[in-house]
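As structure tokens, one chain now follows by itself in the form predicted alone.
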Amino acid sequence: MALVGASYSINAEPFKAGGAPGTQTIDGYNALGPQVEQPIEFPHYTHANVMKINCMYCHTYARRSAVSGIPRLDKCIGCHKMIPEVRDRPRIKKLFWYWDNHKSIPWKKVHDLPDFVRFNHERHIQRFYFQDKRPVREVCGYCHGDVANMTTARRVKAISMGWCIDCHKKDHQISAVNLKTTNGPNDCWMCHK
């Protein structure tokens, strides 16, 4: 059991990667996903770690829908128009190429689930970030790992049915002031279509 933040004790390690590609986690699930080559090598490290931008600033749908979403190009341009000192960098040149040519960036999925599975970002973000007031990097990190220390995102958690069930079986403290614990639902139809 690890102490996270000033007031929570939990038994999950959000920033611990699953293991090397092709290996399995200690609980038997596939560890790392493949390295997905993106059209622009997006530096999560610069945005989320150095600039301290909240994950939900760019993945704005995570707090209100099933999917987290990828920001529209005009959102990226809105910020980068204000930062002329990085305009000549290769990544930013590519970004503006898409903008100038009226093309969307063909990002590729990194955390793709089978079509018969539904995962609801909103429920998890509302519970652990807004209700429990846990740090956003910790909340997102449970499933996505320490993305703020990555360049392009890579799946580092198993994100399999057994992996999700294991987390739902864990005792999650109800709130910072309520030491009682609760578990996630285990009804098949909550996650399967």
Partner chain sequence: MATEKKPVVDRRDFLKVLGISGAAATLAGCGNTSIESGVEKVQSYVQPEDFVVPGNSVFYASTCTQCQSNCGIMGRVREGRVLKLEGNPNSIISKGKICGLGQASIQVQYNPDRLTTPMIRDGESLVPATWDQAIKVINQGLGKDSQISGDEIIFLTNGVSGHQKVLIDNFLESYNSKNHIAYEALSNRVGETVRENLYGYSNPVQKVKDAKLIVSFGNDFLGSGVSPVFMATQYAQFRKAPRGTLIQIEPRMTLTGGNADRWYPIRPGTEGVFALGLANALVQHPEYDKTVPEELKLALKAYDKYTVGEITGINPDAIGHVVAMMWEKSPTLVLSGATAEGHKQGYQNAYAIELLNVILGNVGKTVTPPTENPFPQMNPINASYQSLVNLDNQLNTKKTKAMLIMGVNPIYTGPSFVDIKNKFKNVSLKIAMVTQLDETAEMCDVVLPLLSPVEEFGTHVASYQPEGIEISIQQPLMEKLHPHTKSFGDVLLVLLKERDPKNYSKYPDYYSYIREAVVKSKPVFKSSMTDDEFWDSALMNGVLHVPPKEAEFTKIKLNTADLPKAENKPLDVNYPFYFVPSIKADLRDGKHANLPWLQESPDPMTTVVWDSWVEIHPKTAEEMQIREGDILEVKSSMGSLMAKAYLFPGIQPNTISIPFGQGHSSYGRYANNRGVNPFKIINPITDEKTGELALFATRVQIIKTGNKEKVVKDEGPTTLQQGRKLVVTMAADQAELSKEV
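Positions refer to the first chain, counted from 1. Fair warning: this is a prediction, and the values are worked out from it, not measured in the lab.
As for the form predicted together with its partner chain, it is not shown, yet the points below apply to it.
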Using heavy atoms only and a 4.5 Å cut-off, determine which of Y57, Y61, Y45, Y142 is in contact with its partner chain in the predicted complex.
Y61
Tell me, out of P90, P114, P84, G78, which residue has a non-hydrogen atom within 4.5 angstroms of its partner chain in the predicted complex.
P114
is_contact(I159, its partner chain) in the predicted complex, heavy atom dist at most 4.5 Å:
yes
According to a 4.5 angstroms non-hydrogen atom cut-off, is F96 in contact with its partner chain in the predicted complex?
no
I'd like to check something about R137: if you look in the predicted complex, is any of its heavy atoms closer than or equal to 4.5 Å to a heavy atom of its partner chain?
no
Looking at the partner-bound form in the predicted complex, is S65 within 4.5 Å of its partner chain by any heavy atom?
yes
Who in 91 to 105 is close to its partner chain in the predicted complex, meaning a heavy atom within 4.5 Å?
W99, H102, K103, S104, I105
